[in-house]
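Both blocks below hold the same protein chain, though in two forms, and each is given as structure tokens: structure 1 and structure 2.
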Structure 1
Amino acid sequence: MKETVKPRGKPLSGEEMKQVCHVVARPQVKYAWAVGVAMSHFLAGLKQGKILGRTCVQCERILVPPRMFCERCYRTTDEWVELPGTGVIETFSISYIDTDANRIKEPIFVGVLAFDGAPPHSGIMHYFGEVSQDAIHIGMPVEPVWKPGGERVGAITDIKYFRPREGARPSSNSKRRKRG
């Protein structure tokens, strides 16, 4: 027969913890990162409503977000190109939890898209919007929804989100588990 061990003492309260166990400090750390040659052009492009990439003629990729070097071929990239902005969803997740681990009423769609005109796995991560849990699927054609010109500051959030593209009606993905 199992012996019953009576717990002794009690857990410390938050107040007690503060009294004896902790030294509390808040670090003062601030940075100003240079965005660099490639991202400067990219962010300036976003302000004008353009999505810019860099080509690598060796592996024939278009790198978005752009970099000044190709990590596969290890060489300087070649030219700036403007992409149409449209693309297809490569992967996504529907987030039901906020950063404080609270349940969100309206879930947030995040994912990766491949731009039309650029090879797969060279696209960007962004939000998806104007789409339902049931309709969103891999391969769905999408287009950017920009902030109005006057509100754009040269940041990746100048694109509010990507939405299903008009005229390219998405096929529904019946394989995906429906959520109740």
Structure 2
Amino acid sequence: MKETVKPRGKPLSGEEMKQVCHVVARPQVKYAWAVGVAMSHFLAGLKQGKILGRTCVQCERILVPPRMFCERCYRTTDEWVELPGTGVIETFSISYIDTDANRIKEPIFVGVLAFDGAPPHSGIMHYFGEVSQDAIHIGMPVEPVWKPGGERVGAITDIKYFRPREGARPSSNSKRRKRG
């Protein structure tokens, strides 16, 4: 015959359970975060109104955003180079939702641009401005619109947006967006 073991102690009341299960802790945590050598230098360049990249002489290319090693040949990149800041739109989206997820009547344009002097498909994502929904297209030459020097903080938002480059001809691989 099996003997029944009686649990020790007493059941907790609802109030006692709250005291045991609901512990409020407010740890004093101090931390630091670094973007690394390459991105730190890139962001410092943005504060000065410069687009910086790193060269890889083995692959014969400029890496933007910069990296301290080449992901193709796995070697340390060679030197810093300043790019003109101009480029072309590689892809874009037309959004009727703003950055706070609110519906908007006038669209915003966001996409990826490749910088002149850097290889295609290695650019950055950013906003496009001073362009209409009918005019924006893949291959459109663009240039940065910078915040005033005193307002720059060393962030990608030091560039307000990229606008169509005046007097530039569309690149030979330019494709107009087809309308519906």
Partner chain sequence: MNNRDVAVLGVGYTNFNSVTPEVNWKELMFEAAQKAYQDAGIDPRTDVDSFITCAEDFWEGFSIFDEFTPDQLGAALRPMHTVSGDGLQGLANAYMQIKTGLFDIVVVEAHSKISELLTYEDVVQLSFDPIYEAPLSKGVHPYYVGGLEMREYLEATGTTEEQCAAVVVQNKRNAFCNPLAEFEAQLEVDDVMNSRYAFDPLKALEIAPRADGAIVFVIAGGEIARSLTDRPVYVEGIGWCSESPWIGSRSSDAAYVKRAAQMAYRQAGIENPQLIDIVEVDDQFAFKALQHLEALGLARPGEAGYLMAEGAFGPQGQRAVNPSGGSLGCGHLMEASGLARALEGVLQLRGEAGPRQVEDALVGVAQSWRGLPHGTGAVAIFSRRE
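Each residue is numbered by where it sits in the sequence of structure 1, with counting from 1. Fair warning: this is a prediction, and the values are worked out from it, not measured in the lab. In this text, rigid core is short for the largest set of C-alphas that superpose within 1.5 Å between two forms.
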Working through the pair one at a time, identify the form predicted on its own and give its number. 2
Ala32 C-alpha relocation of at least 2 Å between the two structures, rigid core basis: yes
Core-superposed comparison between the two structures, Asp98 Cα displacement 2 Å or beyond: yes
Once you line up the core, how about Thr157: does its CA shift reach 2 Å between the two structures? no
Having superposed the rigid core, state how many Å the Cα of Gly14 shifts between the two structures. 23.4
